[in-house]
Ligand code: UD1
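Presented below, as structure tokens, is a lone chain in the form predicted on its own.
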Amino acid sequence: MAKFLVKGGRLLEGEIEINGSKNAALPVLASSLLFKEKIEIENLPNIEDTKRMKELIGKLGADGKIDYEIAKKFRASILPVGGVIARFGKAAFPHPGGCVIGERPIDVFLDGWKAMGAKTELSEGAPTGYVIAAPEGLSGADYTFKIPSVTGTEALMMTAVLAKGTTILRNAVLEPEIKYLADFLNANGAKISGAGTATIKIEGRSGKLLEYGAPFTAPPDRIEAGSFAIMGALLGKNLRIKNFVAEELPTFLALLSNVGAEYVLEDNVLIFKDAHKKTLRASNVTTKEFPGFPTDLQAPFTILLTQAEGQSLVHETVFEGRLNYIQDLNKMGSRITLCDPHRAIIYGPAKLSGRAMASPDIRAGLAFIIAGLIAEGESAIENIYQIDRGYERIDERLRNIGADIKRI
């Protein structure tokens, strides 16, 4: 199987561009089921998750069955289910796969579809999964998420577009990707208001499909932007990061400044001139839904904190299994105490040494690359399919700015 070999000690300079957003593109791909015609997406990231979504949608038929083998490979495989129910009156699908970062129940989806009139049950026999039926169609509902959910908000918003009547989603998330999806659907005939706030209202079309007229352009990936900014704070020497949308990372940038990283933002270009010479200081981080600190940047930022002077606390409030990568960092030489599944204390600065490890998920895998770039010696990172799920040609792009990384 392929793996990355990463050698540390080289500074990063030159220019790197942020690619299209994975988390914005996937729901728009799933929304194609709401249309009569094919839709057009520009700046689509060429990553494994978008490939799997296109493959999944391509295999769908009027029987409403989601391909189990494909769906088990990524979490976003649940996004097309609402459109399948609304369009065909039924759906069969497995519990979605993806990153192993703790318990990821789908009851917010099931409860929402039930509120709209669907009936759900566990499928019999193998493979196990769910069967949902709405032979009389779906009706609008007033539904409150018991916990904020990005994919839950996206999935139920798309379902409601083809339902009868009005749907109100309360305690919805505020992530930018929600508004990107709503704006695209509205540009093609949907009636969605409130996206980007905690209350979203959708006027359903009673099963009438959307007519395509306006393309979607995937915005820059804010998680990739934050990840590259962390690399810049550690190793940047005249490093320019293009397509950096600062307003989508407000808390992240505040914390980056708080640890002592110095950067300049000019016309959506984030510049690190001599960041590698700066002394970083400890800081506490708590992950939250937008506009808070993104959970997807927690692992990369923890790498940054291993190089900061003093004691830092990372509090992961979104997923209870997202700190499992820390044992590998400690084997590299970091000094991190895992207090419980949600909290870790980092003592820095620590001298890291290269070693072999395997990517447990998309974001921790990228964090391992960053760790390898600042460690002495060579690191071998396996299970890089997880990294390829979220980052396009990451090895090639990092080599272009001076990193010593190769895929074998």
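All residue numbers are counted from 1 along the displayed sequence. Predicted, not measured: the structure shown is a model, and the values here were computed from it.
There is another form of this protein, the form predicted in complex with this ligand, and it is not shown here; the text below is about that form.
- Of the candidates F319, Y180, Y130, F252, F319 is the one whose heavy atoms come within 4.5 Å of this ligand in the model of the complex; the others do not.
- This chain appears without its partner; in the model of the complex, the one residue of I381, L26, I346, A367 with a heavy atom within 4.5 Å of this ligand is L26.
- Although the partner is absent here, I147 sits close enough that one of its heavy atoms falls within 4.5 Å of this ligand in the model of the complex.
- In the model of the complex, this ligand sits beyond 4.5 Å of every heavy atom of V161.
- In the model of the complex, this ligand stays beyond 4.5 Å of every heavy atom belonging to E136.
- At least one heavy atom of A76 is located within 4.5 Å of this ligand in the model of the complex.
- With respect to this ligand in the model of the complex, the three residues R281, T306 and L373 uniformly fall beyond 4.5 angstroms at the level of their nearest heavy atom.
- The stretch from 289-297, 326-334, 113-121, 226-234 that comes within 4.5 Å of this ligand in the model of the complex, counting heavy atoms only, is 289-297.
- Residues are counted as partner-facing when one of their heavy atoms sits within 4.5 Å of this ligand in the model of the complex; in 160-182 only E175 qualifies.
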